[in-house]
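First, one chain by itself: the form predicted on its own, in structure tokens.
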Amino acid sequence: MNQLLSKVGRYEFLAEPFHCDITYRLFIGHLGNHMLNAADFHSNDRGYGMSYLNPIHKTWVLSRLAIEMEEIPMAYDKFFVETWIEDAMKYFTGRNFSILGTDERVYGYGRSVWAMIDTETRQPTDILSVRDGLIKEYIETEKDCPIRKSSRVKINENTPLIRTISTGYSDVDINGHINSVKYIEHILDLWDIDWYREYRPQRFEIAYVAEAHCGDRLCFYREQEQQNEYNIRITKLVQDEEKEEVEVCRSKIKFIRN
């Protein structure tokens, strides 16, 4: 086996001004994209990423993501995303993140859970069978990720429908389904721009239940759990003989004042 790389990867990014909102803070969706890019760079460099998996008809899909930020990078800020594997089982692996300034101050952290699927059957596949379980060589247990893991979002059956949207070309990623971060952006659009003049997300959780595809219509249900804390349920409309809704993901957001 070739010499192993470091277990923790560190990647530099820039809060580009047109990726920032009206408060000059980086959009959470773009931060999420940077985190997923760091995960891709980390896994590709170590031999179990998409560039190895795709030719053998496998791919990584995001199952859960939690982002908790005490600060958010401002326009033109350079920052680092660190990422590492916390654990690896047959069908799921835990990957953590830290977001750091160039002065090493901590903006926040992330926790994620990933599954590997067969791109032809769309069914889960054994992560530990890839390259004789190479991923196990990169499990890092000493580095701390102090935020709590994702919770199980509970939402009432009578939660009101807030919005229904159609999905299109720009919602779909290389895996052929609605992009993980696009759900985050659509969820954050449930509040108007004046809300974001006063509040920003402090913690964002999302759990993906089923795939949605280009052309699916998504329904967004929202309820307030506590002050400035909300639960969201997203379904897709299935057109058969009768209209039916299938849940695709759930989310929880906590806002704080800017």
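The shown structure was predicted, so the numbers you read here are calculated from the model rather than taken from an experiment. Counting begins at 1, following the sequence as shown.
Beyond the structure shown, there is the form predicted in complex with another copy of the chain, which is absent from this document and is the topic of what follows.
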Even though another copy of the chain is not shown here, does it sit in the predicted complex so that 22, 27 and 44 each have a heavy atom within 4.5 Å?
-> yes
Can you pick the stretch from 79 to 87, 153 to 161, 179 to 187, 99 to 107 whose heavy atoms fall within 4.5 Å of another copy of the chain in the predicted complex?
-> 179 to 187
At the 4.5 Å heavy atom threshold, is residue 228 in contact with another copy of the chain in the predicted complex?
-> no
Using heavy atoms and a 4.5 Å limit, would one call residue 36 a contact residue for another copy of the chain in the predicted complex?
-> yes
Check whether residue 168 has any heavy atom within 4.5 Å of a heavy atom of another copy of the chain in the predicted complex, and answer yes or no.
-> yes
So in the predicted complex, does residue 16 come within 4.5 Å of another copy of the chain, heavy atom to heavy atom?
-> yes
Among the candidate residues 134, 172, 147, 115, which is the single one with a non-hydrogen atom no more than 4.5 Å from another copy of the chain in the predicted complex?
-> 172
Of 214, 53, 61, 207, the one that lies within 4.5 Å of another copy of the chain in the predicted complex (heavy atoms) | 214
Residues within 4.5 Å of another copy of the chain in the predicted complex, restricted to 189 to 216 and counted by heavy atom = 189, 191, 193, 196, 214
